[in-house]
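For reference, the chain that follows is the form predicted alone, supplied as structure tokens.
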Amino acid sequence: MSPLSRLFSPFVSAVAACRARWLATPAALLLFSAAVSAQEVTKRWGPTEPVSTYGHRFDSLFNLITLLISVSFFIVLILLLVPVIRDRAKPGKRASFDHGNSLHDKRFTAIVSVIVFIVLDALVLVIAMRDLREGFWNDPLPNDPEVVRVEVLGQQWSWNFRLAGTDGEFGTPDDIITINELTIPVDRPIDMNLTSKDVIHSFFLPDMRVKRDANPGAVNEMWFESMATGSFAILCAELCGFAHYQMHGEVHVLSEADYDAWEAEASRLALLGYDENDAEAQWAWAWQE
């Protein structure tokens, strides 16, 4: 045996032993596959259930677009494969092709384009505009006593939240100020004013299916209403700097009774800790409808 063979002999033997052991137990792969159920895969990689009142609209539109694109893809694939198979080279026959300049080809292309525009583009546009009018753009009434108003100030790299407190006015000592944590009640409209302290951020609540940019020098508005209690992710969906990945938090949705108790205690603590000389905390603005 050569020196090189002696050098690699232990490694070859080890690989052969592992291979033999694996082939001797083919059930290992089946057991591993069975351990990962379809439900677990869906929970890990699939979208969460929408929590907001209009979140299902966005899911339905997304599924519709995916279906239309998938069907269109397979139709186009078939239309491309048929000529390839039909006109390919055969024994005694050369492959044929054309540049699609005939009147028949032009008419076919025009008809397909019109169908795609009407079935895909126009249909999706009509449904999207309807959902926006009835959901995302259907802001709660300004004088609705059930509305909870929140001012959101984005900055590199955190979300600042301000609730008006028990007096219902912003910019007063009992304002509830939190960082990267927002507490709201369930089954009540949450109306938000958003702006930014530095660069463009994007306030994203994936479980609520709602997202809106926070722009410096402007105040944007958005709203949602949670149908379930629990804690849900807050993300920034706009690349806002090198620490963009750190800009996340949680929204805690409480029952009505728990929220009332939390608001009263948080306002009391805010009054106790109020410092009129703390310029960083005085970022409230007059609410904008």
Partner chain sequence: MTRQTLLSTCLLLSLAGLTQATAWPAYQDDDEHATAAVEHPPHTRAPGEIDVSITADDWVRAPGEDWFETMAEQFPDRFSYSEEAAEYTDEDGVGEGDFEGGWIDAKGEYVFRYDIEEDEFAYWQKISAKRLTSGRTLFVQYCASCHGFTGDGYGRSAQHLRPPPRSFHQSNFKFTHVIAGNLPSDDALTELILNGLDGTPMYPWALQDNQVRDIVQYIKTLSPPERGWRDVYAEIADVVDIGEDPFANDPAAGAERGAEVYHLRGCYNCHPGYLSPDEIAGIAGNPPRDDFTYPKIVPDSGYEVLGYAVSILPPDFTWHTIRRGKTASDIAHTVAAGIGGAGMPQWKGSISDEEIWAMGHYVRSLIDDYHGQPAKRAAFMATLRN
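Only the largest set of C-alpha atoms that superpose within 1.5 Å between the two forms is called the rigid core. Residue numbers count along the first chain shown, from 1. Here the structure is a predicted model, which means the values were calculated and not measured.
Missing here is the form predicted together with the partner chain; even so, the following discussion is about that form.
What I'd like checked is whether F62, L141 and F224 together line the partner chain in the predicted complex, meaning each has a non-hydrogen atom within 4.5 Å of it.
No, none of F62, L141 and F224 comes within 4.5 Å of the partner chain in the predicted complex.
Is there a heavy atom of F242 lying 4.5 Å or less from a heavy atom of the partner chain in the predicted complex?
Judged by the heavy-atom cut-off of 4.5 Å, F242 is in contact with the partner chain in the predicted complex.
Report yes if any heavy atom of S196 sits within 4.5 Å of a heavy atom of the partner chain in the predicted complex; otherwise report no.
S196: yes, in contact with the partner chain in the predicted complex.
May I ask you to check whether S158 falls inside a 4.5 Å heavy atom distance of the partner chain in the predicted complex?
S158 belongs to the contact set for the partner chain.
With the partner left out here, check for me: in the predicted complex, does some heavy atom of F117 sit within 4.5 Å of the partner chain?
The answer is yes: F117 has a heavy atom within 4.5 Å of the partner chain.
Among S72, N180, T172, T166, which has any heavy atom within 4.5 Å of the partner chain in the predicted complex?
For this set of options, the contacting one is N180.
Please tell me which of A218, V76, A89, V82 lies within 4.5 Å of the partner chain in the predicted complex, judged by heavy atoms.
Of A218, V76, A89, V82, the residue with a heavy atom within 4.5 Å of the partner chain in the predicted complex is A218.
Which is the contacting stretch out of 184 to 192, 127 to 135, 92 to 100, 142 to 150, given heavy atoms within 4.5 Å of the partner chain in the predicted complex?
Only one stretch qualifies here: 127 to 135.
I want to check L269: does it shift between this form and the one not shown by 2 Å or more at the Cα, with the core superposed?
Stays below the 2 Å threshold, so no.
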